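In C-alpha cells, one chain follows: the form predicted on its own.
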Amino acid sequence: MAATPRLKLPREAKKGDIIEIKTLLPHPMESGQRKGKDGKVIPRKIINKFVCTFNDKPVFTAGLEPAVAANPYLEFFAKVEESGTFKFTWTDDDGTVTTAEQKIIVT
C-alpha cells in the first residue's frame, strides 16, 4: 500500500509572497539498529531524500538520516513570483519514490 502524502500550502498567493509549505509522509522509518522478536536486526528502511521543485526548478532538498522519526514532517518557506506547480518527491532506501503535486495561482 502506497503512502499518501499530506501537503499544506496555499492554493492562491500574491506575486512576491513568501508562503509556508508543510509536508508529512506516513512512513515507519526503521533505523536498522533495532532487533525484532526473533533477535535479528530489522533492516534499515528510511526516506533518505526529499526534493521540492516549483515549475521544475529546485526549491528545497533534504537528505534524511536514520535518526529521523517515523512519518517525516518537513516545513519550509518559498517565495512565489508566478503561478505554477509544486512537486514533492520522497525517495526510500529501497528505491521507492512517492510524489505529490499541488498547483498555486499567483495574482
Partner chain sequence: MRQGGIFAAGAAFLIVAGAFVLAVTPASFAQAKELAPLDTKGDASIRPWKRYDKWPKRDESKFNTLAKISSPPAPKEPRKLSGPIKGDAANGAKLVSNRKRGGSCLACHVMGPAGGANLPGNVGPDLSEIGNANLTDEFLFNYIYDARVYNPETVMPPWGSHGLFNDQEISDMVAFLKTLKSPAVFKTALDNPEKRPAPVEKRANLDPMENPGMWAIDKAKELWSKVGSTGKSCASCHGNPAMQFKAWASSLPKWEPRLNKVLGVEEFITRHARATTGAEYLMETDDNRVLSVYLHNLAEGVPITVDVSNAAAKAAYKRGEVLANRKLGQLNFACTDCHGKSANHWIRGQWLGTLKGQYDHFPTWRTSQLVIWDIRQRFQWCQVNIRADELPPDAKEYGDLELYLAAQNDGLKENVPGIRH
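Bear in mind the structure is a predicted one, so any value in this text is a computation, not a measurement. Positions refer to the first chain, counted from 1.
Keep in mind that the form predicted together with the partner chain is missing from the display, and what follows is about it.
- Taking the partner from elsewhere, I105 is found to have every heavy atom lying beyond 4.5 Å of the partner chain in the model of the complex.
- Though the partner is left out of this view, P26 does reach within 4.5 Å of the partner chain in the model of the complex, counting heavy atoms only.
- Among heavy atoms of K15, none comes within 4.5 Å of the partner chain in the model of the complex.
- Within 4.5 Å of any heavy atom of the partner chain in the model of the complex lies no heavy atom of K40.
- Residues R6, L7, K8, K22, T23, L24, P26 of 3 to 33 are found to place at least one heavy atom within 4.5 Å of the partner chain in the model of the complex.
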